[in-house]
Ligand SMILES: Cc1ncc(C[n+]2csc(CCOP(=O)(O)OP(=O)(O)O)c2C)c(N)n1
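Shown below, as C-alpha coordinates, is a lone chain in the form predicted on its own; questions about how it binds or moves come after it.
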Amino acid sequence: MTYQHQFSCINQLGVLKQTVSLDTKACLNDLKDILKYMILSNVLDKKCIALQRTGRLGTFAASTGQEAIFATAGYLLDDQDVYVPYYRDQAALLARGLAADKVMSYWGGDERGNDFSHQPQDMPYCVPIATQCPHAVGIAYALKYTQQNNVVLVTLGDGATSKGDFYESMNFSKIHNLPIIYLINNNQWAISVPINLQSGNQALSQKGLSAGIDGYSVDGNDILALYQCLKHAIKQAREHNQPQLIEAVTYRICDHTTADDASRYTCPETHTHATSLDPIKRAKLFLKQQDHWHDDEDLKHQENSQKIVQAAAEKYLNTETQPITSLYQYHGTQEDTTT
(Lines give C-alpha, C1' and ligand atoms only; values in the text may rest on other atoms or scores of the structure.)
Protein backbone atom coordinates (compact mmCIF):
# COMPACT_ATOMS: atom_id res chain seq x y z
CA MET A 1 0.00 0.00 0.00
CA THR A 2 1.44 3.35 -1.01
CA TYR A 3 0.57 7.02 -0.75
CA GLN A 4 2.09 9.82 -2.81
CA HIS A 5 1.22 13.48 -2.35
CA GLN A 6 0.81 16.05 -5.12
CA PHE A 7 2.73 14.37 -7.92
CA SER A 8 3.63 16.83 -10.69
CA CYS A 9 5.86 16.86 -13.76
CA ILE A 10 5.67 20.30 -15.40
CA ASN A 11 5.45 23.72 -13.82
CA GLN A 12 3.05 26.57 -14.51
CA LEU A 13 5.11 27.67 -17.52
CA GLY A 14 5.09 24.21 -19.04
CA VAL A 15 8.73 23.51 -18.16
CA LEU A 16 9.61 19.87 -17.49
CA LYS A 17 10.98 19.37 -13.99
CA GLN A 18 14.56 18.15 -13.83
CA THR A 19 13.59 15.04 -11.87
CA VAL A 20 11.17 13.90 -14.60
CA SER A 21 12.07 12.12 -17.84
CA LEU A 22 9.88 11.47 -20.86
CA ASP A 23 9.49 7.81 -21.76
CA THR A 24 9.16 7.92 -25.53
CA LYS A 25 8.05 10.07 -28.43
CA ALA A 26 4.80 8.08 -28.33
CA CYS A 27 4.08 9.72 -24.98
CA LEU A 28 4.22 13.18 -26.58
CA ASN A 29 1.96 12.03 -29.41
CA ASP A 30 -0.54 10.78 -26.84
CA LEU A 31 -0.41 14.06 -24.95
CA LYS A 32 -1.00 15.94 -28.18
CA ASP A 33 -4.14 13.91 -28.85
CA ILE A 34 -5.32 14.42 -25.27
CA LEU A 35 -4.86 18.18 -25.65
CA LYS A 36 -7.10 18.14 -28.71
CA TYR A 37 -9.91 16.57 -26.67
CA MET A 38 -9.34 19.15 -23.95
CA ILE A 39 -9.77 21.97 -26.44
CA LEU A 40 -12.85 20.35 -27.96
CA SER A 41 -14.38 19.93 -24.50
CA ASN A 42 -13.68 23.57 -23.67
CA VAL A 43 -15.36 24.77 -26.87
CA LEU A 44 -18.31 22.45 -26.17
CA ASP A 45 -18.65 23.86 -22.64
CA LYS A 46 -18.89 27.40 -23.94
CA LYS A 47 -21.50 26.45 -26.53
CA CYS A 48 -23.61 24.56 -24.01
CA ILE A 49 -23.54 27.49 -21.60
CA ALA A 50 -24.63 29.81 -24.42
CA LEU A 51 -27.48 27.45 -25.33
CA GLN A 52 -28.60 27.30 -21.72
CA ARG A 53 -28.50 31.08 -21.32
CA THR A 54 -30.76 31.44 -24.36
CA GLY A 55 -33.26 28.85 -23.14
CA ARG A 56 -32.33 26.07 -25.54
CA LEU A 57 -30.60 23.74 -23.06
CA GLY A 58 -31.31 22.69 -19.50
CA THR A 59 -29.03 23.12 -16.50
CA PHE A 60 -25.47 22.31 -17.57
CA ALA A 61 -22.34 21.35 -15.59
CA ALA A 62 -19.19 22.67 -17.27
CA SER A 63 -15.70 21.31 -16.63
CA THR A 64 -13.74 24.47 -17.43
CA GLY A 65 -10.25 24.25 -15.92
CA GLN A 66 -10.66 20.52 -15.28
CA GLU A 67 -10.40 19.24 -18.85
CA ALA A 68 -7.02 17.51 -18.41
CA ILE A 69 -8.36 15.09 -15.80
CA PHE A 70 -11.19 13.74 -17.90
CA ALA A 71 -9.53 13.85 -21.31
CA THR A 72 -6.56 11.85 -20.03
CA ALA A 73 -8.74 9.27 -18.29
CA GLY A 74 -10.98 8.73 -21.30
CA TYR A 75 -8.05 8.54 -23.69
CA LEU A 76 -5.98 5.97 -21.76
CA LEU A 77 -8.68 3.35 -21.28
CA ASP A 78 -8.97 0.50 -23.77
CA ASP A 79 -12.15 0.21 -25.80
CA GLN A 80 -13.44 -2.73 -23.78
CA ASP A 81 -12.72 -1.11 -20.41
CA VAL A 82 -15.68 0.39 -18.57
CA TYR A 83 -15.99 4.11 -17.89
CA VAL A 84 -18.41 5.12 -15.12
CA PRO A 85 -18.86 8.91 -15.12
CA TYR A 86 -20.53 11.38 -12.84
CA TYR A 87 -21.75 14.57 -14.54
CA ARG A 88 -18.69 16.66 -15.44
CA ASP A 89 -17.01 14.17 -17.77
CA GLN A 90 -17.61 15.51 -21.27
CA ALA A 91 -13.88 15.53 -22.17
CA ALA A 92 -13.61 11.83 -21.27
CA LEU A 93 -16.78 10.96 -23.14
CA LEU A 94 -15.52 12.78 -26.22
CA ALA A 95 -12.23 10.88 -25.97
CA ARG A 96 -14.24 7.66 -25.69
CA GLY A 97 -16.04 8.50 -28.94
CA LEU A 98 -19.29 10.12 -27.82
CA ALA A 99 -20.68 12.59 -30.36
CA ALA A 100 -20.92 16.18 -29.11
CA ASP A 101 -24.62 16.41 -29.96
CA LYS A 102 -25.29 13.57 -27.50
CA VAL A 103 -23.88 15.72 -24.71
CA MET A 104 -26.29 18.49 -25.68
CA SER A 105 -29.21 16.07 -25.95
CA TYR A 106 -28.62 14.80 -22.42
CA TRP A 107 -28.49 18.26 -20.88
CA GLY A 108 -31.44 19.24 -23.04
CA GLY A 109 -33.56 16.64 -21.27
CA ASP A 110 -33.55 14.04 -24.04
CA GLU A 111 -32.87 10.52 -22.77
CA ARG A 112 -31.33 9.66 -26.13
CA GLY A 113 -28.29 11.62 -24.95
CA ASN A 114 -27.55 8.57 -22.78
CA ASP A 115 -27.28 6.34 -25.84
CA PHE A 116 -23.66 5.25 -25.50
CA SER A 117 -23.80 2.80 -28.41
CA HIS A 118 -20.23 3.82 -29.30
CA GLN A 119 -19.09 2.18 -26.03
CA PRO A 120 -22.11 0.09 -24.93
CA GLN A 121 -20.35 -1.21 -21.82
CA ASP A 122 -19.88 2.32 -20.44
CA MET A 123 -22.37 3.69 -17.92
CA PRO A 124 -24.42 6.85 -18.57
CA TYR A 125 -24.18 10.13 -16.67
CA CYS A 126 -24.80 9.93 -12.92
CA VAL A 127 -26.06 13.07 -11.17
CA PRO A 128 -26.88 11.67 -7.68
CA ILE A 129 -23.71 12.02 -5.64
CA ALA A 130 -21.50 8.90 -5.27
CA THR A 131 -24.21 6.42 -6.32
CA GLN A 132 -22.10 5.50 -9.34
CA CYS A 133 -19.45 3.98 -7.04
CA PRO A 134 -21.46 0.86 -6.08
CA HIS A 135 -22.37 0.41 -9.75
CA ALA A 136 -18.69 0.58 -10.69
CA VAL A 137 -17.55 -1.89 -8.06
CA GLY A 138 -20.28 -4.33 -9.10
CA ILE A 139 -19.10 -4.15 -12.69
CA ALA A 140 -15.50 -4.67 -11.58
CA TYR A 141 -16.58 -7.75 -9.62
CA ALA A 142 -18.31 -9.11 -12.73
CA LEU A 143 -15.22 -8.51 -14.87
CA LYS A 144 -13.03 -10.42 -12.44
CA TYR A 145 -15.59 -13.19 -11.98
CA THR A 146 -15.83 -13.74 -15.74
CA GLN A 147 -12.03 -13.46 -16.07
CA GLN A 148 -12.09 -10.51 -18.46
CA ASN A 149 -8.87 -8.54 -18.67
CA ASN A 150 -10.57 -5.17 -18.40
CA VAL A 151 -10.74 -2.43 -15.81
CA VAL A 152 -13.36 -0.05 -14.49
CA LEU A 153 -12.63 3.64 -14.03
CA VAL A 154 -15.15 5.60 -11.98
CA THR A 155 -15.03 9.37 -11.54
CA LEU A 156 -16.39 11.46 -8.69
CA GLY A 157 -16.05 14.89 -7.16
CA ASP A 158 -14.51 15.80 -3.82
CA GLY A 159 -17.94 16.04 -2.20
CA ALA A 160 -18.71 12.44 -3.15
CA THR A 161 -15.83 11.20 -0.98
CA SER A 162 -17.90 12.15 2.08
CA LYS A 163 -20.64 9.69 1.14
CA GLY A 164 -21.04 6.16 2.45
CA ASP A 165 -21.40 4.82 -1.10
CA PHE A 166 -17.77 5.78 -1.75
CA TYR A 167 -16.35 4.20 1.42
CA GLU A 168 -18.36 1.01 1.09
CA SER A 169 -17.31 0.64 -2.54
CA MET A 170 -13.63 1.06 -1.70
CA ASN A 171 -13.87 -1.46 1.11
CA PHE A 172 -15.57 -4.05 -1.12
CA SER A 173 -13.12 -3.49 -3.97
CA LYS A 174 -10.12 -4.16 -1.74
CA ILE A 175 -11.64 -7.18 0.00
CA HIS A 176 -12.14 -8.80 -3.40
CA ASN A 177 -9.08 -7.23 -5.12
CA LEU A 178 -11.03 -5.79 -8.02
CA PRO A 179 -9.72 -4.09 -11.20
CA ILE A 180 -11.04 -0.61 -10.47
CA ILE A 181 -9.67 2.93 -10.40
CA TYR A 182 -11.38 5.68 -8.41
CA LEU A 183 -10.59 9.07 -9.93
CA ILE A 184 -11.48 12.04 -7.71
CA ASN A 185 -11.82 15.45 -9.32
CA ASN A 186 -10.92 17.57 -6.31
CA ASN A 187 -11.94 20.97 -7.64
CA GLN A 188 -12.15 22.33 -4.08
CA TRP A 189 -15.93 22.79 -4.04
CA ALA A 190 -18.90 20.51 -3.29
CA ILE A 191 -21.41 22.89 -4.90
CA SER A 192 -20.90 25.91 -2.59
CA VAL A 193 -19.19 24.08 0.28
CA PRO A 194 -15.37 24.34 0.35
CA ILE A 195 -13.19 21.30 0.95
CA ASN A 196 -12.29 22.33 4.51
CA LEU A 197 -15.96 22.30 5.55
CA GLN A 198 -16.95 18.97 3.97
CA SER A 199 -14.01 16.67 4.71
CA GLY A 200 -11.91 16.29 7.83
CA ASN A 201 -9.10 14.84 5.70
CA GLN A 202 -8.37 17.37 2.98
CA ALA A 203 -5.80 15.09 1.29
CA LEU A 204 -8.52 12.98 -0.26
CA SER A 205 -6.14 10.36 -1.66
CA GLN A 206 -5.34 9.36 1.93
CA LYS A 207 -8.89 8.09 2.28
CA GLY A 208 -7.77 5.01 0.37
CA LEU A 209 -5.52 4.04 3.28
CA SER A 210 -8.56 3.12 5.40
CA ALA A 211 -9.46 0.46 2.84
CA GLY A 212 -5.88 -0.62 2.11
CA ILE A 213 -5.92 0.92 -1.36
CA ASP A 214 -2.99 2.66 -3.05
CA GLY A 215 -3.64 6.41 -3.12
CA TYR A 216 -2.04 9.10 -5.26
CA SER A 217 -2.52 12.84 -5.21
CA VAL A 218 -1.65 14.43 -8.54
CA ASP A 219 -1.68 17.94 -9.98
CA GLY A 220 -4.95 17.92 -11.93
CA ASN A 221 -3.74 20.72 -14.22
CA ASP A 222 -0.58 18.85 -15.21
CA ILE A 223 -1.28 16.73 -18.30
CA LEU A 224 1.97 14.74 -18.04
CA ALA A 225 1.55 13.96 -14.33
CA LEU A 226 -2.00 12.78 -14.98
CA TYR A 227 -0.82 10.68 -17.91
CA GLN A 228 1.89 8.91 -15.92
CA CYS A 229 -0.22 8.43 -12.80
CA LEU A 230 -3.27 7.10 -14.64
CA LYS A 231 -1.18 4.75 -16.80
CA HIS A 232 0.38 3.31 -13.65
CA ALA A 233 -2.98 2.94 -11.90
CA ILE A 234 -4.63 1.29 -14.92
CA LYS A 235 -1.73 -1.16 -15.19
CA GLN A 236 -1.95 -2.06 -11.50
CA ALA A 237 -5.68 -2.64 -11.75
CA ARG A 238 -5.48 -4.60 -15.00
CA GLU A 239 -2.44 -6.80 -14.34
CA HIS A 240 -2.62 -7.23 -10.57
CA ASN A 241 -6.31 -6.72 -9.67
CA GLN A 242 -5.27 -3.94 -7.32
CA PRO A 243 -7.86 -1.18 -6.82
CA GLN A 244 -6.39 2.31 -7.12
CA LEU A 245 -7.38 5.76 -5.85
CA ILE A 246 -6.27 8.96 -7.59
CA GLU A 247 -7.03 12.46 -6.36
CA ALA A 248 -6.54 15.02 -9.11
CA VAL A 249 -6.21 18.42 -7.43
CA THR A 250 -7.52 21.33 -9.48
CA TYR A 251 -9.94 24.23 -9.06
CA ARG A 252 -13.44 24.78 -10.38
CA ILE A 253 -13.04 28.12 -12.15
CA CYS A 254 -16.58 27.79 -13.54
CA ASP A 255 -19.90 27.78 -11.70
CA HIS A 256 -20.99 24.45 -10.23
CA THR A 257 -23.70 24.42 -12.88
CA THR A 258 -25.50 27.09 -14.90
CA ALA A 259 -27.99 27.24 -12.00
CA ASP A 260 -25.20 28.48 -9.72
CA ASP A 261 -23.37 31.79 -9.20
CA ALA A 262 -19.97 30.92 -7.75
CA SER A 263 -19.06 34.59 -7.33
CA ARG A 264 -21.28 34.63 -4.24
CA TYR A 265 -19.00 32.32 -2.28
CA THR A 266 -15.57 32.12 -3.97
CA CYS A 267 -12.58 34.38 -3.36
CA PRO A 268 -11.76 36.58 -6.42
CA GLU A 269 -8.01 36.39 -5.76
CA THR A 270 -8.06 32.60 -5.52
CA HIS A 271 -10.15 32.38 -8.68
CA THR A 272 -7.71 34.62 -10.56
CA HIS A 273 -4.74 32.53 -9.44
CA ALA A 274 -6.50 29.29 -10.39
CA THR A 275 -7.29 30.69 -13.84
CA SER A 276 -3.58 31.30 -14.39
CA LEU A 277 -2.99 27.55 -13.87
CA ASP A 278 -5.30 26.63 -16.78
CA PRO A 279 -4.39 23.06 -17.92
CA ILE A 280 -4.93 23.79 -21.62
CA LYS A 281 -2.53 26.70 -21.57
CA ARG A 282 0.05 24.70 -19.62
CA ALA A 283 -0.23 21.70 -21.95
CA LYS A 284 0.29 23.92 -24.99
CA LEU A 285 3.36 25.54 -23.45
CA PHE A 286 4.84 22.16 -22.59
CA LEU A 287 4.23 20.61 -26.00
CA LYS A 288 5.57 23.69 -27.78
CA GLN A 289 8.81 23.35 -25.82
CA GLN A 290 8.93 19.70 -26.92
CA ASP A 291 8.32 20.76 -30.55
CA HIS A 292 4.99 18.88 -30.59
CA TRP A 293 2.58 21.81 -30.83
CA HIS A 294 2.71 24.87 -33.06
CA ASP A 295 0.68 28.03 -33.47
CA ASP A 296 -0.63 27.10 -36.90
CA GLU A 297 -2.00 23.74 -35.79
CA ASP A 298 -3.35 25.38 -32.64
CA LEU A 299 -5.42 27.73 -34.78
CA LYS A 300 -6.43 24.90 -37.08
CA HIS A 301 -7.62 22.73 -34.22
CA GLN A 302 -9.50 25.60 -32.58
CA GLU A 303 -11.33 26.22 -35.85
CA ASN A 304 -12.01 22.50 -36.30
CA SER A 305 -13.40 22.24 -32.77
CA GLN A 306 -15.69 25.20 -33.43
CA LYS A 307 -16.99 23.49 -36.57
CA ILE A 308 -17.61 20.20 -34.77
CA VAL A 309 -19.48 21.88 -31.93
CA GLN A 310 -21.51 24.13 -34.22
CA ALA A 311 -22.55 21.13 -36.34
CA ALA A 312 -23.45 19.27 -33.16
CA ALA A 313 -25.58 22.19 -31.96
CA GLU A 314 -27.44 22.33 -35.26
CA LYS A 315 -28.10 18.59 -35.12
CA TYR A 316 -29.30 18.84 -31.53
CA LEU A 317 -31.58 21.81 -32.20
CA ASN A 318 -33.08 20.12 -35.26
CA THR A 319 -33.65 16.73 -33.66
CA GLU A 320 -37.32 15.81 -33.64
CA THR A 321 -38.84 15.31 -30.22
CA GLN A 322 -39.82 11.80 -29.24
CA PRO A 323 -43.50 10.85 -29.51
CA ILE A 324 -45.39 10.76 -26.22
CA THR A 325 -45.83 7.01 -26.66
CA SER A 326 -42.10 6.54 -26.11
CA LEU A 327 -42.90 6.80 -22.39
CA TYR A 328 -43.98 3.17 -22.58
CA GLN A 329 -41.12 1.93 -24.72
CA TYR A 330 -39.19 0.17 -21.95
CA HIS A 331 -42.00 -0.63 -19.52
CA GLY A 332 -42.27 -4.26 -20.56
CA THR A 333 -45.80 -3.96 -21.89
CA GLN A 334 -46.76 -5.83 -25.04
CA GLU A 335 -49.73 -3.59 -25.74
CA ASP A 336 -49.90 -1.44 -28.81
CA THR A 337 -49.25 2.14 -27.64
CA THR A 338 -49.33 3.80 -31.04
CA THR A 339 -52.93 4.99 -30.73
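Predicted model only: the values in this text are computed from it and were never measured. In case it trips you up, residue 1 is the first one in the sequence shown, and so on.
There is also a form predicted together with this ligand; it is not shown, and the following applies to it.
Participant: Among 102, 96, 256, 207, which has any heavy atom within 4.5 Å of this ligand in the predicted bound form?
Facilitator: Comparing distances to this ligand in the predicted bound form, the residue within 4.5 Å is 256.
Participant: Here the chain is shown alone; which of 214, 219, 122, 158 has a heavy atom within 4.5 Å of this ligand in the predicted bound form?
Facilitator: Only one option qualifies, and that one is 158.
Participant: Answer yes or no: in the predicted bound form, does this ligand come within 4.5 Å of a heavy atom in every one of 83, 134 and 166?
Facilitator: No, none of the three is in contact.
Participant: Mind telling me which stretch in 83-91, 103-111, 239-247, 144-152 gets its heavy atoms within 4.5 Å of this ligand in the predicted bound form?
Facilitator: Result for this chain: 83-91.
Participant: Taking this ligand as it sits in the predicted bound form, is residue 203 near enough to touch it, meaning that at least one heavy atom pair lies within 4.5 angstroms?
Facilitator: Although this ligand is absent here, residue 203 would stay clear of it in the predicted bound form, with no heavy atoms inside 4.5 Å.
Participant: Does this ligand come within 4.5 Å of any heavy atom of residue 185 in the predicted bound form?
Facilitator: Residue 185: contacts this ligand in the predicted bound form.
Participant: Should residue 267 be counted as a contact of this ligand in the predicted bound form, where contact means heavy atoms within 4.5 Å?
Facilitator: It does not: once this ligand is placed as it appears in the predicted bound form, residue 267 has no heavy atom within 4.5 Å of it.
Participant: Please check if residue 189 has a heavy atom lying within 4.5 Å of any heavy atom of this ligand in the predicted bound form.
Facilitator: Answer yes; at least one heavy atom of residue 189 falls within 4.5 Å of this ligand in the predicted bound form.
Participant: For the stretch 100-132, I need every residue with any heavy atom inside 4.5 Å of this ligand in the predicted bound form, listed N to C.
Facilitator: Going through 100-132 in order - heavy atoms within 4.5 Å of this ligand in the predicted bound form - the hits are 127, 128, 129.
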